[in-house]
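First, one chain by itself in structure tokens, the form predicted alone.
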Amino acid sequence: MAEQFDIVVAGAGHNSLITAAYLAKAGYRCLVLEGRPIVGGGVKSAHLTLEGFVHDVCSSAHNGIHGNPLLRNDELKLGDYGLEYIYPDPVFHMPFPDGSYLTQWRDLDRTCAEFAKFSKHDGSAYRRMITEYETVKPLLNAVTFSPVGFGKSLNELLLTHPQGKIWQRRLAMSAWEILKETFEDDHCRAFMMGCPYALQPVLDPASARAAYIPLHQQRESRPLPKGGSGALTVALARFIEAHQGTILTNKWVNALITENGRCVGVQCADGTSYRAEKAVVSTIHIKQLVDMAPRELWGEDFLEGVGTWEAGLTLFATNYATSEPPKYLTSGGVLSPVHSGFMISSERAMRMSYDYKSGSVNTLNPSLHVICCSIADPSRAPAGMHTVKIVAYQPYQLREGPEHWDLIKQQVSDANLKVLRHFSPNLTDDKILARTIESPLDLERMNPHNWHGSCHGGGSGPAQSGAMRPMAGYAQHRMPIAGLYQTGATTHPGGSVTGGPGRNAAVVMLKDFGTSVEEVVKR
């Protein structure tokens, strides 16, 4: 006899845990099933290299989630469950091949002075850009953290903004068009496109929001959960269990149980099954989800949408255990930031989309993001030691096929380290204690939700954003099969650690159940 719950949640990424947390707070009996031994999906930490070195499995910085009412209004009081954030300063450092560098600090005047080193015009332009952006940021957040169709659309909200018509045009432009017109020096343009790269082709129409990512982190830094990225999902799991929820690991969901066209539970690979009286919530990638129930239940339009779904841009990562952090020489001495990176020019950023499309691996001038969390959070490594992660942007689909990654990944990792050593020569072989390499193919093997190597669920172009995510007509987290809801990176507002899909799904479900997230939070 299958066990019975009000809500069964398939997958324990941060979004599905957020959905479950709100539903548990509302008093529903929630069961969360996770296929791997540890909850968290891409938001977890583990000893990937050596014992005592805590690495983030995927995400490190939690920029977007601080605009979410979940944290902004402290709706679930996750601090009571162990969640604490650190706000590194400097925010991001980028050295260039000509010996110059640009450092973003939390102090706006100091950052503007960094841009002004290259161009007085660009120093003023950066200040003007962030001043204008901060007037529209609340409207962007309102749309991001509302389910599609709940509340006014962005264009409707912009009608209330004094420069709304200007912003309508800006947001329809490409990131390159915005940055080309705003800055005159290429160092400044390259920094804005690479701190870090936004996993969205900068030449694509409607990619403009990628141009504003550096402004988003100017005030809020790139927040790190103390103890590791997984501290967020650990706190959520504690919250769920404190509200009579149940979490089971090593439970791979491989089928949806349907009766009379309605989803009433799930079946696991170990033969166990679990039924839900009210609803099933999925964070399984839609590419796999459609194979878990009879295809006729999905409808042709939904299946067509899944069939044309694109993975988007992908990552290549190497985690190191080291005895020193990266050290960069600056006019003020040696600088060791949590976040640094390399984008040699704006042209390099523009050519990256071609590299992805053609399956080309660039090892001469790779664009890199270097993360050393242990600088700001010593709990991540033994005393005096550090964790270093080098993230590169490389295609999943190589000309020789994705399996070719198994043959070349060590060579690519070595090339990335060589580039870092050009700017940070202290990281010699004797300073490196261990490493692990994860190609885009490895990322997919590690977590099926990283379909085709994408840790963001899929590309975020116009065809896969907003009301089109995951498919027109199904962007409100309600799936074609009654009783089944979808959250996670394949739903609005998409990937990264925002918690938006998780809270938005909870908003929809609570409304369908006759209450609201506001009423639940007040309890």
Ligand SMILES: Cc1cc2nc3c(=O)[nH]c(=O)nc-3n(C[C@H](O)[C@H](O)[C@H](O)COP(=O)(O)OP(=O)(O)OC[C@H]3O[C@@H](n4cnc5c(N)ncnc54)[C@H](O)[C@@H]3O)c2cc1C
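Sequential numbering from 1, following the sequence displayed. Here the structure is a predicted model, which is why all the values come from computation and not from measurement.
One more form of this protein, predicted together with the ligand, exists but is not displayed; see below.
A.B. asks: Heavy atom within 4.5 Å of the ligand in the predicted bound form: which of H93, R189, K251, H386?
C.D. replies: Exactly one listed residue reaches within 4.5 Å, namely K251.
A.B. asks: Which one, S119, S174, N447, S345, lies within 4.5 Å of the ligand in the predicted bound form by heavy atoms?
C.D. replies: Checking each option against the ligand in the predicted bound form, the one that comes within 4.5 Å is N447.
A.B. asks: Should R29 be counted as a contact of the ligand in the predicted bound form, where contact means heavy atoms within 4.5 Å?
C.D. replies: Because no heavy atom of R29 falls inside 4.5 Å of the ligand in the predicted bound form, the answer is no.
A.B. asks: Verify the contact flag for L256: yes if a non-hydrogen atom of it lies within 4.5 Å of a non-hydrogen atom of the ligand in the predicted bound form, no if not.
C.D. replies: Flag for L256 set to no.
A.B. asks: T19 versus the ligand, in the predicted bound form: is there a non-hydrogen atom within 4.5 Å?
C.D. replies: T19 lies outside the contact set for the ligand.
A.B. asks: In the predicted bound form, does G35 come within 4.5 Å of the ligand, counting heavy atoms only?
C.D. replies: Because a heavy atom of G35 falls inside 4.5 Å of the ligand in the predicted bound form, the answer is yes.
A.B. asks: Counting only non-hydrogen atoms and a 4.5 Å threshold, tell me whether N15, I284 and C455 all contact the ligand in the predicted bound form.
C.D. replies: So, yes: the whole triplet contacts the ligand.
A.B. asks: Only one of 423-431, 309-317, 213-221, 69-77 has heavy atoms within 4.5 Å of the ligand in the predicted bound form; I'd like to know which.
C.D. replies: Residues of 309-317 come within 4.5 Å of the partner.
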